[in-house]
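The chain below stands alone and is given as structure tokens, in the form predicted on its own.
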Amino acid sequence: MASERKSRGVALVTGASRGIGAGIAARLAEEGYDVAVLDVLESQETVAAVERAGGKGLSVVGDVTKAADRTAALGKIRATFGRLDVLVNNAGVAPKVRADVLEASEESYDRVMTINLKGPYFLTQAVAKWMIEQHGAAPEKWRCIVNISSMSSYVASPSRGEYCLSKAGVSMATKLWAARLAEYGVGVYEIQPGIIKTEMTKVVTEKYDKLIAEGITPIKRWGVPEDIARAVAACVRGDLAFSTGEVINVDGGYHLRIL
């Protein structure tokens, strides 16, 4: 039971009602963390998984793109746990309709960029200030921020340009926060997932089944949320404490240039 163990800290995972975020939340609970979930949907199933793993869970319904929701979420976490040691920026969306860059709409661009880049950027800003405050009281405590980006940060997909741009922005945000927060003992990392089996990729299952079979990735299988969760756990544990701003490819080797 959660009450029978000493918590290693508190983590906030965004977009964790399902998929990669839910996998990350459950894994962090297994690592000894209590976990708050911020999502536009109720996340009771994820909270239940956190509690089965021995952690205390908290579901916060809110929109990462809205300043008031971000403030309310952090206020609820502070009131419930009194601390925050880990932020995992996972919330993200693909375009509702894949459109050629010659035809893509401003509406789609604004939606994707706001959810995938602007919201996490300002959530990180607020969390970073809280982490700096906590560093003053307990400078020896490990704290970290993990951004979930995508191989789309460097792979050009002309049918979803706004998504690629948003993830490229997340890559630069990782560098910016890593540089700014190092003096406060906060590690900042970026996980770049490849082809991962989630609701988002369900519509292209047949396409990727074929590409994987043909060898698009050296490791010939789909990735699963647990693959991402294990990489996040390594960052959160402090296994990479003398590294910051690092990019971890979780893509079956897709990023390798192979002749």
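The model shown is predicted, which means the values in this text are computed figures rather than measured ones. For every residue, the number given is its place in the sequence shown, counted from 1.
In what follows, reference is made to the form predicted together with a small molecule, a form of this protein that is not presented.
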Of the residues Ile77, Ile115, Leu165, Met131, which one places a heavy atom within 4.5 Å of the small molecule in the predicted complex? Ile115
Taking the small molecule in the predicted complex as the reference, which of Leu211, Ala67, Ala48, Met200 has a non-hydrogen atom within 4.5 Å? Met200
Interface segment, criterion being heavy atoms within 4.5 Å of the small molecule in the predicted complex, picked from 51 to 59, 213 to 221, 32 to 40, 230 to 238: 32 to 40
Closest heavy atom of Ala25 to the small molecule in the predicted complex, within 4.5 Å or not? no
Distance check, Ser150 to the small molecule in the predicted complex, heavy atom within 4.5 Å: yes
Taking the small molecule as it sits in the predicted complex, is Gly187 near enough to touch it, meaning that at least one heavy atom pair lies within 4.5 angstroms? no
So, Ala91 and the small molecule: in the predicted complex, are they within 4.5 Å at any heavy atom pair? yes
